[in-house]
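First comes one chain, alone, set out as structure tokens in the form predicted alone.
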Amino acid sequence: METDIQESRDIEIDLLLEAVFRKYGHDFRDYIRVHVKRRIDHRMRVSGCNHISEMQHRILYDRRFFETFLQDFSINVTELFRDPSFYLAVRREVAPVLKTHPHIKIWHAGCATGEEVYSMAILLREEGLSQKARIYATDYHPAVVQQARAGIYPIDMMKEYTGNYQKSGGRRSFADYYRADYDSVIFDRSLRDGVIFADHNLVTDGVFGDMHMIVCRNVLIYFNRNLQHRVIRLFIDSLLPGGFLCLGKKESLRFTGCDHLFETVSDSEKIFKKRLFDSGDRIRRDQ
């Protein structure tokens, strides 16, 4: 009996995800199932839906409800200078290489609400790279991208963020980069001068090149193996030879079939460098 119920529930989830893709073009079918179930269960509890099929009906016929559902799937677990040791490794291992280029293009894929984008913008400024760098910050949810563009965050998080900044090798007072406004802080508008915020869906959209560095941390863990392979291939095609790929600490290139295309810069921080030869052993030039 319990097996039959679970089987029926799995069918309902499949139909729901298929409906979302066909109606709105957002594809969650290759997200890991445990994440999908958790998000669906949360929205059912909050909305008072008794069955997944009931929620599917509301998603198909109520655009505002769908927008709320879409927000549930947005991966917004982030913070400024998250994992300070990563940013310290970027300062020591990556920045010296970036300084050799006349211009730099960096893609923050799955930027969420933007905390890590501003972290990178601050790091680039302190390394003397901001004038020749352009950051492309993308996410699939327009509302999340707009929040990132605004650069407004809760003031009660600043103590923790200041600690992260200091551990990452920060060279100034962190307060120099923002101003307080009641219960929030607003980051210096000049940090956004070199940032382009845009909508981009890693699951359904194409190449975003030619990049000297791609940062996509703690996103692939929500994808199944097939989708991880597809996204890694997208990154390879978007990355210049000698460019850097930065993943989350729980993510890896192993078992993707693409690890031979990269050198490991920092195994602990999951920073990789694309080899100068592609899979066809042809040298590509950085224009």
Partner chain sequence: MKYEAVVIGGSAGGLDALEIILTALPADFPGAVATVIHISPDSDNYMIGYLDRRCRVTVKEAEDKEMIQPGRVYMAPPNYHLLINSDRSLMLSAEPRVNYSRPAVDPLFETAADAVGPRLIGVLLSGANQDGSRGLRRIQENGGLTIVQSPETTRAPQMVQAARAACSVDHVLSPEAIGTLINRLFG
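Residue numbers count along the first chain shown, from 1. Computed from a predicted model, the values in this text were never measured in an experiment.
Keep in mind the form predicted together with the partner chain is missing from the figure; the text below concerns it.
Participant: Within a 4.5 Å heavy atom cut-off, is Arg254 in contact with the partner chain in the predicted complex?
Facilitator: Arg254: contacts the partner chain in the predicted complex.
Participant: If we define contact as a non-hydrogen atom of the residue within 4.5 angstroms of the partner, is Ser238 a contact of the partner chain in the predicted complex?
Facilitator: Taking the distances in the predicted complex, the answer for Ser238 is no, it never comes within 4.5 Å of the partner chain.
Participant: With a cut-off of 4.5 Å between heavy atoms, is Phe223 one of the residues that contacts the partner chain in the predicted complex?
Facilitator: Yes.
Participant: Should His35 be counted as a contact of the partner chain in the predicted complex, where contact means heavy atoms within 4.5 Å?
Facilitator: Yes, contact at 4.5 Å.
Participant: For this chain shown on its own, do Arg92, Leu98 and Lys105 all sit within 4.5 Å of the partner chain in the predicted complex, going by heavy atoms?
Facilitator: Contact check failed for every one of Arg92, Leu98 and Lys105.
Participant: Please identify the residue among Arg230, Lys250, His51, His260 with any heavy atom within 4.5 Å of the partner chain in the predicted complex.
Facilitator: Checking each option against the partner chain in the predicted complex, the one that comes within 4.5 Å is Lys250.
Participant: Let me know the one among Ile75, Val203, Ala150, Leu129 whose heavy atoms come within 4.5 Å of the partner chain in the predicted complex, would you?
Facilitator: Comparing distances to the partner chain in the predicted complex, the residue within 4.5 Å is Ile75.
Participant: Looking at 213-221, 168-176, 117-125, 184-192, which one sits within 4.5 Å of the partner chain in the predicted complex if you count heavy atoms only?
Facilitator: This holds for exactly one stretch, 213-221.
Participant: Scan 40-76 and note down the residues that get a heavy atom within 4.5 Å of the partner chain in the predicted complex; none is a fine answer too.
Facilitator: Residues within 4.5 Å: Asp41, Arg45, Ile75.
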